[in-house]
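In the structure tokens that follow, the same protein chain appears in two forms, which are kept apart as structure 1 and structure 2.
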Structure 1
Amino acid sequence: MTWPAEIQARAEAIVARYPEPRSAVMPLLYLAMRQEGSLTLDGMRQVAGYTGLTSVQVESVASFYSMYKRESVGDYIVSVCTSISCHLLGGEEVLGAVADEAGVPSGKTGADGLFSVESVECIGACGGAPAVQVNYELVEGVTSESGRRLCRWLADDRPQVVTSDHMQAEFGGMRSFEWGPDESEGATGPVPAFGPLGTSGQPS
């Protein structure tokens, strides 16, 4: 299978950003994941084609990093931090509550493809522990109760775009620091929302 022309153009632009094509592997893996919701064998083969690697070399790189998911994930990946600061302030309880509310055990994806729930290592939000990310968009100061509400909101509203600012206002508590101006952009799916990857969007 080949990618649509628009995606191919984007892939070529990504390759052009680097002195050597191999450097484009990581952004291209995000791009590939974006196409099919997870990193498929075909996706890895495509990336190999752009970077002059063999498929297994691409898989080797991809499988090294936690954020490239080789199994299909839900529309919303809910990541709960359980590293030391969050651990001290109840990260594991939040994880339990979220998993329960989403109906998906940690490390798994629900059968309906709505949620993936995972426990993650420190996400750099220790000052607002316990911290949670939805599709890598951050919420700080989450409690078991607000974590449940967060899941219910996702299930009920099915937002196309999730933004940190909205979630923080609705479900967050203590923050690591003042966040500054509202960020209107957010994630449009379970791939980190970053401009050149075409994964970010604005809520309608």
Structure 2
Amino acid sequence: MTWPAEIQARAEAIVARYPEPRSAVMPLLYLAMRQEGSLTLDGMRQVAGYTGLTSVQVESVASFYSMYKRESVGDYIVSVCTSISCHLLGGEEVLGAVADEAGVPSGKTGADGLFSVESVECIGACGGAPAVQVNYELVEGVTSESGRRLCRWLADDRPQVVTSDHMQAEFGGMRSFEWGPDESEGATGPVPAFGPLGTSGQPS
């Protein structure tokens, strides 16, 4: 299957940003995932064609990084860190509360396609443990109770955009450090959003 002309143009523009086409493999994988809802074998073959890599080489990159999803995910990926700092400060309990409130076991996506819940390794917020991400937007100092409230908010309000600043104010606790200026742009879907690369928004 060939990508639509608009997606092909985006892919070509991404490749043109790099001195070597193979360097574009990671953003192209996000584009493929956004286009098809998950990272498929066909999508990886398309990426191989643009980068000059083999399909096996592309798949080796995709299988190494956990943000490349090989199966369809929910509208909201709730990622709970369970590495050592978060684990010691209640990360496992937060994960259990999130899974219970979302009605989705860790590592799974709900039948209604609203939530995917996952346990993840360190996300670089040890000083604000336990840390959670929603569509890769960070919330620090989350408790079991605030994790439940976060899930209820997502289920009830179905926000089209989630931002770290809003979620931190509503559901977070101690931060690892003082953040910079408020960020008005946030995540518009479960694929990491890079506006200039055309990976923001929901799958086409």
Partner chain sequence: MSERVKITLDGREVEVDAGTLLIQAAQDAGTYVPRFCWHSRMEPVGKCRMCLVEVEGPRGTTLTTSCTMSVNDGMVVHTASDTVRKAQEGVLEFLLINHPLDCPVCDRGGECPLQDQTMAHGPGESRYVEEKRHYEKPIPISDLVLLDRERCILCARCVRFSDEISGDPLIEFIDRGNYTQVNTFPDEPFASYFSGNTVQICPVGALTATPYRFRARPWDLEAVESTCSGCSVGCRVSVQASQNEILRLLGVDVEATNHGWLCDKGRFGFQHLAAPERLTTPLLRGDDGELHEASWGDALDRAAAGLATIVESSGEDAVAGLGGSRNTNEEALAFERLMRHTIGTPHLDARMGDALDVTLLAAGPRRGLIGDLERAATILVWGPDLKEELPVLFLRVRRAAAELGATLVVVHPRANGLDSNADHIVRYRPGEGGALLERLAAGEGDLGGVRAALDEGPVVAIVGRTGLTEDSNLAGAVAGFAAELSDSSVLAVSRRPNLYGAVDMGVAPGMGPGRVGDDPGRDADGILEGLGDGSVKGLVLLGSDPAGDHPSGTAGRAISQAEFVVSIDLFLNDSNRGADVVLPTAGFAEVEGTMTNLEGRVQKVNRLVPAPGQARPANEILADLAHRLGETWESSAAESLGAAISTLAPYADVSWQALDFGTGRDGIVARGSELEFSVQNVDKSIGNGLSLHLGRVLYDLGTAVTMGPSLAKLAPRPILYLHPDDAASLGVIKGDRVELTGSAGSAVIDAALDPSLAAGTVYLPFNLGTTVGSDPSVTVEKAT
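Take the two forms, superpose them, and find the largest set of C-alpha atoms that agree within 1.5 Å; that set is the rigid core. This one's a predicted model, so the numbers in the text were calculated from it and none came from an experiment. Numbering runs along the sequence of structure 1, starting at 1.
Structure 2, rather than structure 1, originates from the form predicted alone.
In the core-superposed comparison between the two structures, the CA atom of Ile7 travels 2.6 Å.
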